[in-house]
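A single chain, nothing else alongside it, follows as structure tokens in the form predicted on its own.
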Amino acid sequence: MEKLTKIHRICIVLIIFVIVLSLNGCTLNNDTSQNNEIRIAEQYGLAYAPLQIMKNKEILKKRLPQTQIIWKQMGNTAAIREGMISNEVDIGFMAIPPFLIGWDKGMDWKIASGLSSMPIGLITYKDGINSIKDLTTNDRIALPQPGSIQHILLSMASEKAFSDSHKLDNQLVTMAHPDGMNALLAKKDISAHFTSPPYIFKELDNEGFHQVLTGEEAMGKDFTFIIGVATKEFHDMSSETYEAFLDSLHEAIDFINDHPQEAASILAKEYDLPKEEVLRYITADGTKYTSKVKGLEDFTDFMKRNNYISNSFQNLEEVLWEDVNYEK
């Protein structure tokens, strides 16, 4: 009987050992702080130039040599949002208004960093259009998508000009920036294009093309154009990868600001443009590559007031990850 009791005790100890080992194994398997993959989504234009620098100089790869870095270029924020919902994108780059729309609809994401401020504006080839009040119901306006920063800025200007922020909504045509530029240059299907660098500069280089409205005029102040947004799952479960990405992003931003000539050489190849042309673009008035986030509350207040979103945040912790360089 005593011998049998000893056997039972040994069995119990072995069972406990196996259970503990299994639990530890589960913990290790679920710990993604050393994640072996990071998926980053960007869009078109020089506003995303630090990401091109990060790729070309392998800044992130040097920090995460064992991690597979997957870059995805998407036509608009809707595609990025869908990618993040389906767990195919960890970090996406977009403007503040689309971020707020996603957040309002329950997207579990927050702003990780600013990326750039840019001279964005509404361009036309029509002599008779010198303000948005000159647009007729037959004039079509190309921009990336409803709810994009271009759309919200146009709505801000419409509120000032017509006391109706939705005045021009029925005249919008959804086009990626390259397609919008080609349509405007061809003077086909659209009368105006609300765009950003390099497309805004290339359009204005053509005789007779002129700017009807600037983003700063619409907003009434300067603001961050592009931000980086991270999902809660990626932020919480891949903390070391997240921090490595942020450090790499800040290094890439500093590189453009500290070495514009070398940055222009790299970006010229990435965008298939002459180096001097790229240098002119990235050093133009109003172009800033910075991690600072500015204009968040202005966009939120306007969008809530005009029913583009239903909710507004009560404190910054609801929409910003820790240590974001924020300016009211």
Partner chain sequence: MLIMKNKFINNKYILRLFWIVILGIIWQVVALSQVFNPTSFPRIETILSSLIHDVTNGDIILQTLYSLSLIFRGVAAALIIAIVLSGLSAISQTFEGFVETLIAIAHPLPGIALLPLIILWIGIGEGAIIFIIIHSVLWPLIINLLTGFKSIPKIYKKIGKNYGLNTIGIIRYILIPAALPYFITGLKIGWARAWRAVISAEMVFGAAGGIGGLGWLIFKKRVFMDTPGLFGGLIVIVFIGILVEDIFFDRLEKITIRKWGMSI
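Residue numbers count along the first chain shown, from 1. Predicted, not measured: the structure shown is a model, and the values here were computed from it.
Separately, the form predicted in complex with the partner chain exists; it is not shown, and the next lines address it.
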P178 versus the partner chain, in the predicted bound form: is there a non-hydrogen atom within 4.5 Å?
no
Within 4.5 Å, heavy atoms only: does L185 come near the partner chain in the predicted bound form?
no
Interface membership of S165, the partner chain in the predicted bound form, 4.5 Å heavy atom rule:
no
So in the predicted bound form, does D189 come within 4.5 Å of the partner chain, heavy atom to heavy atom?
yes
Decide yes or no: are K105, Q145 and V173 jointly within 4.5 Å of the partner chain in the predicted bound form, with each residue judged by its heavy atoms?
yes
Residues in which of 73-81, 120-128, 246-254, 211-219 have heavy atoms within 4.5 Å of the partner chain in the predicted bound form?
73-81
Proximity to the partner chain in the predicted bound form, single hit among E233, D134, D169, D139 (heavy atom within 4.5 Å)
D169
Position in contact with the partner chain when the complex is considered in the predicted bound form, options M156, I101, V89, I111, heavy atoms within 4.5 Å:
I101
